[in-house]
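In structure tokens, one chain follows: the form predicted alone.
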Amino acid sequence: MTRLSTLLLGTAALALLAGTATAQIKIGVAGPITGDLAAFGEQLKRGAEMAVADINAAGGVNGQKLELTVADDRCDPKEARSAAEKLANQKVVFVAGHFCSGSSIPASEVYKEEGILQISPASTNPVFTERGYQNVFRVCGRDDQQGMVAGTYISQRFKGKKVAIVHDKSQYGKGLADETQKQLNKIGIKEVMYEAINPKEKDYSALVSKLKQAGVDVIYFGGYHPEAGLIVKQSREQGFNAQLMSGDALVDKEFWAIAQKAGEGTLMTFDADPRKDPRSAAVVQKFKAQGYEPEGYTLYTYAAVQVFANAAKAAKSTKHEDLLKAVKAGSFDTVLGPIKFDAKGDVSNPAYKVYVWKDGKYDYVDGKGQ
């Protein structure tokens, strides 16, 4: 063998080894990185980044490191589909996302067509997992479960009071409002008003006046924190002190920044706060050391990435069919505790609680989450 041939073979071997050493598993996280709901996009992004960093530091997945791509959907259905197509073009095998149900549902069609595992940390609309898509899962609960908790709480805490149902026309907001209405009606409480608003407006004083004139005692709002914050703030400005209650889209300090002191006493439903679970303590401290409070869906996103990584390890593969089998069959230890999915792709143990906003923070209404 000539010296040149030996040199070429050696170079080829080095290139092969280098390729093996740097091979990466591409995954994505998708949510509203920009726009009115960017606070939630930040939660998803931070959760995914920390999970990837921790998994890679521990050796990666099956000897390979994870490479994360962030996609922005602005909580818009059309942009969500574009974001999903962008991730598919980059050959990701898994996506943690999206945040808004109105984004997760259209995006899931792309992931289904392209053979990509999707685990949403935050999309609660029942439709997401009711279509029989085998690649779709979520680590959060559903709005029919959340609405049941909200409706029951209103019936017990505000017995005999006038209740209004308001929503923002979004897939998430209307779905949650309707599930809460369904539970109230089932119990025997008929709302005195059912109203829809246009999101992203700055003045809801006409709605407030209408609610005030009807003598409403409790406003249940299905929608996101920007509108909820404005509605309660403008209510107090009119001297209207009806109780505001909403869902998990208020689990960010941005709600308080908008509502300010008017947000005091606002109620909401959200799954059990994983920051209070001893199993997440080490990860929570890592976030805090970076000056970031891992509230809301931060740890849910971390958990979604954990599920993927553990499923890939169990399957010893990132091929789509192998991943799906592993996810469906497994029980996964995560920062949320053990996660197991039912046949639809929903978690088997959601635990919605009622929270109250006080002094710029939210906590269990009874202080214990019981």
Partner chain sequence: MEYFLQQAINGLTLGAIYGLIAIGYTMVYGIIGMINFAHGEVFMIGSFLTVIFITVLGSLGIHPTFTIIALVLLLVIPFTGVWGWSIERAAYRPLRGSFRLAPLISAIGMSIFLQNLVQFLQGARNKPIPVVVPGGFTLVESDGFPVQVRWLQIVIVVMTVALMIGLTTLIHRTRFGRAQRACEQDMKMAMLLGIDVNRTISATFVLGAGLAGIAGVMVAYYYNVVNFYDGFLAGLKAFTAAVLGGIGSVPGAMLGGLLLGLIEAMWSAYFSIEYKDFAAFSILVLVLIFRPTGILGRPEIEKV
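Residue numbers count along the first chain shown, from 1. A quick note: this is a predicted structure, and the numbers were derived from the prediction, not measured.
Keep in mind that the form predicted together with the partner chain is missing from the display, and what follows is about it.
K.L.:
Does at least one non-hydrogen atom of E254 fall within 4.5 angstroms of the partner chain in the model of the complex?
P.N.:
Close contact exists here: in the model of the complex, E254 approaches the partner chain to within 4.5 Å, heavy atoms only.
K.L.:
With the partner left out of view, is A289 within 4.5 angstroms of the partner chain in the model of the complex by any non-hydrogen atom?
P.N.:
It does not: once the partner chain is placed as it appears in the model of the complex, A289 has no heavy atom within 4.5 Å of it.
K.L.:
Even though the partner chain is not shown here, does S209 get within 4.5 Å of it in the model of the complex, heavy atoms only?
P.N.:
Answer yes; at least one heavy atom of S209 falls within 4.5 Å of the partner chain in the model of the complex.
K.L.:
In the model of the complex, is there a heavy atom of the partner chain that lies within 4.5 Å of any heavy atom of R142, even though the partner is absent here?
P.N.:
No, R142 stays farther than 4.5 Å from the partner chain in the model of the complex.
K.L.:
Which of M50, V61, L323, I33 has a heavy atom within 4.5 Å of the partner chain in the model of the complex?
P.N.:
None of the other options qualify; the answer is I33.
K.L.:
Which one of Q171, Q234, T266, T129 is close to the partner chain in the model of the complex, taking close to mean a heavy atom within 4.5 Å?
P.N.:
Only one option qualifies, and that one is Q234.
K.L.:
From the candidate stretches 224-232, 242-250, 77-85, 273-281, select the single one in contact with the partner chain in the model of the complex, where contact means a heavy atom within 4.5 Å.
P.N.:
Correct option: 224-232.
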